[in-house]
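Consider the single chain below, provided in structure tokens and representing the form predicted on its own.
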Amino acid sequence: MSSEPIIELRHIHYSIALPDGERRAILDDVSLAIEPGTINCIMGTSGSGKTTLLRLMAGLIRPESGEVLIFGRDITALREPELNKIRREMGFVFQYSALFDSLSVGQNIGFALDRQRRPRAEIDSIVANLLGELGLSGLENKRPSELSGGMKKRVAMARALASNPKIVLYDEPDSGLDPVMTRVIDELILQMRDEKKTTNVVVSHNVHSIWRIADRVMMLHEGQMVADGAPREVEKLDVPVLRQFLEGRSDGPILVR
């Protein structure tokens, strides 16, 4: 693997305004570097800042301070046209698929390609190939409302992969899925990494899924990185919040709200 990170966050601070006028820190001095061709899983409880990290990587929000480098460029300093050029090298799988109900499966997958004015025959070929790879052949004309939860997830993956991105960001890819379909999605993430050489960032709270797919595991707690390393390294760490999370205990430093 290359030693040059494809994604790098440097000293990121991000907060939100509260109704009383105060601000709450979501990310507090977070830094990380991600190497190409790897699967990097970010875990933590709800509200720990996981999805915020993904949104920063995609340029959907900007930090109050710090740098977000994608392919070596700080995207926090880019205007929208330049940022869009970088986004074309990225795919985003949203937590609840976020498919367009008014469009067919094929139209959903080819949506970004159509906006790039690709030839129709090329788009149709890409859509058909992706559906075949993801076990959904022949569903081009179906509507999202006709699909199961697992099918919707795979269509969302196909849409994210349609432009042949170098980076794929997954927000809770197993949300709402049963254990069997969760394993299917895990295996597809591994397959896409191996076949398409993608760099992957996966936000999840599913420990079993993370340990199946991750090259690297990170844990966020109260806006700070409290664990980072290969799964075999992380599972040995004596960090109280990490131990409580991995063991699924209600007692410990993570407050149950």
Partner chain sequence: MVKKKGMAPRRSPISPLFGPLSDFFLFFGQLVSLFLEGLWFVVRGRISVRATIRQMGEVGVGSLMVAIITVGFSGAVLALYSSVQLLQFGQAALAGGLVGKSLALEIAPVITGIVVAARSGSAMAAELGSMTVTEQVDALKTMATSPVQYLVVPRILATMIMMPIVASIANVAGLYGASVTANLGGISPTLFWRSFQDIVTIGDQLQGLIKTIPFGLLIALIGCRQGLTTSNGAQGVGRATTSAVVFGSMAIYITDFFISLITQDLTSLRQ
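Small disclaimer: the values here were computed from a predicted structure and weren't measured. Residue numbers count along the first chain shown, from 1.
The same protein also has a form predicted in complex with the partner chain, omitted here; what follows describes it.
- Note that among 203 to 211, 47 to 55, 189 to 197, 228 to 236, the stretch whose heavy atoms approach the partner chain to within 4.5 Å in the predicted complex is 47 to 55.
- For the options 137, 164, 84, 125, the residue carrying a heavy atom within 4.5 angstroms of the partner chain in the predicted complex is 84.
- At least one heavy atom of residue 24 is located within 4.5 Å of the partner chain in the predicted complex.
- Interface membership of residue 147, defined by any non-hydrogen atom within 4.5 Å of the partner chain in the predicted complex, is ruled out.
- Shown alone here, residue 118 lies farther than 4.5 Å from the partner chain in the predicted complex, counting heavy atoms only.
- The closest heavy atom approach of residue 103 to the partner chain in the predicted complex falls within 4.5 Å.
- If you take 135 to 170 and check each residue for a heavy atom within 4.5 Å of the partner chain in the predicted complex, you get just 159.
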